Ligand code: 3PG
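The chain below stands alone, shown as structure tokens; this is the form predicted alone.
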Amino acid sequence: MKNILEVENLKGKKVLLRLDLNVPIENGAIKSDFRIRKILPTIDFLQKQGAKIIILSHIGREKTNTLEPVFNYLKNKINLTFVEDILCDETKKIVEKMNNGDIILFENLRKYDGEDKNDDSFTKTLAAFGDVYINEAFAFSHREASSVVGLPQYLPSYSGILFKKEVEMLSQSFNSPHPSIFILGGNKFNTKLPLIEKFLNRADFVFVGGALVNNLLISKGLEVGMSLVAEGKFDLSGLLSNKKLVLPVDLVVNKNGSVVVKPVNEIASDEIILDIGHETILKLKKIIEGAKFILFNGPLGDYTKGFDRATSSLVEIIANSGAESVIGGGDTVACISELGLEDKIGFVSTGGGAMLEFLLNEDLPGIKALNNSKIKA
């Protein structure tokens, strides 16, 4: 990919900067500013280059979701203007009057049907505002949206500073130093099963936790009670016979309203698995202490319901391990932020679904669009 750092002259150029500002909002305020903090160096770089910066992003899934809370956060750090309707004539006038270094934030792109549909007419409308396009939204680049795959067809296009680093750091996992361990949690077994299969061929150990492990336990003939299980038929015999696969030895469960820890082979039919247990954490700690590379995505317990102890313990173990580490996924990143350990992790990815898709396919629609762009500056 061509990177924005390779461009010699951006002075006076109108830059369409695609960011991922899809941050959690609670009571009108930003709950986590992790993704925003990660892109501030790119904005600073473009301002120093004298570019006219037009920020494109989305937030939430509904047309009514607004980027106004993000604007209110950003205006305390940088001087910028918020534009609520990009299709009105007044917006064109605002863009035309921009001075070098000015910044405009366009309202939620999902307000317009053409964004998610990758509508060519909408793409051309967006392209008309800019001279150059930069994709700095790795976390959204697994989506074929107009602002991700459409714009590179019409403007000279580059990856952003963070985007390039995301690709470089995640690519380490394809040829990582050994011993290495891939830790995968969360749910969506159907989506993540191919990743388990792939990394059993790449890593020295693959640990599966969270709700993902329930289908594997069932295939071993174990009880998972009323825990979440993915629907469908899966032939998991090959996985279960692989000596690289590491599964929990004890689990935290809800037993008649009480939370208890039980061996994995003693779960009752009326119980719900909530987290992995202490003995499993000790087992993982031993592996991590001997590892040179650690890849971790997804919580190990029901994080949204407060069962974060195992995930937090594991993050602390990784932070103190001295091994190269790459961690991603919304709840996992939230845990790192809450513990204040971001600086002790090798790399914390902004991507959730994008991280997983890149790890599986070693490519993304957003990357393909940048590489296929034929428009020259």
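A residue's number is simply how far along the shown sequence it sits, counting from 1. In this text, all values refer to a predicted model and were calculated from it rather than measured experimentally.
The same protein also exists as the form predicted in complex with 3-phosphoglyceric acid (3PG); that form is not shown, yet it is the one meant from here on.
Trainee: Could you work out which of Lys48, Arg61, Lys31, Arg37 is the residue within 4.5 angstroms of 3-phosphoglyceric acid (3PG) in the model of the complex, going by heavy atoms?
Mentor: Residue within 4.5 Å of the partner: Arg61.
Trainee: Can you work out which of Ile161, Ala139, Val95, Leu109 has a heavy atom no more than 4.5 Å from 3-phosphoglyceric acid (3PG) in the model of the complex?
Mentor: The residue from Ile161, Ala139, Val95, Leu109 that makes the contact is Ala139.
Trainee: Taking heavy atoms and a 4.5 Å cut-off, does Pro365 contact 3-phosphoglyceric acid (3PG) in the model of the complex?
Mentor: Looking in the model of the complex, residue contacts with 3-phosphoglyceric acid (3PG) do not include Pro365, since no heavy atom lies within 4.5 Å.
Trainee: Taking 3-phosphoglyceric acid (3PG) as it sits in the model of the complex, is Arg143 near enough to touch it, meaning that at least one heavy atom pair lies within 4.5 angstroms?
Mentor: Answer yes; at least one heavy atom of Arg143 falls within 4.5 Å of 3-phosphoglyceric acid (3PG) in the model of the complex.
Trainee: Using a 4.5 Å heavy atom cut-off, indicate which stretch of 53 to 61, 338 to 346, 320 to 328, 306 to 314 touches 3-phosphoglyceric acid (3PG) in the model of the complex.
Mentor: Going through the listed ranges, the match is 53 to 61.
Trainee: Considering only 15 to 37, what residues come within 4.5 Å of 3-phosphoglyceric acid (3PG) in the model of the complex, judged by heavy atoms?
Mentor: The stretch 15 to 37, when checked against 3-phosphoglyceric acid (3PG) in the model of the complex, contributes Asp20, Asn22, Arg35 at the 4.5 Å heavy-atom cut-off.
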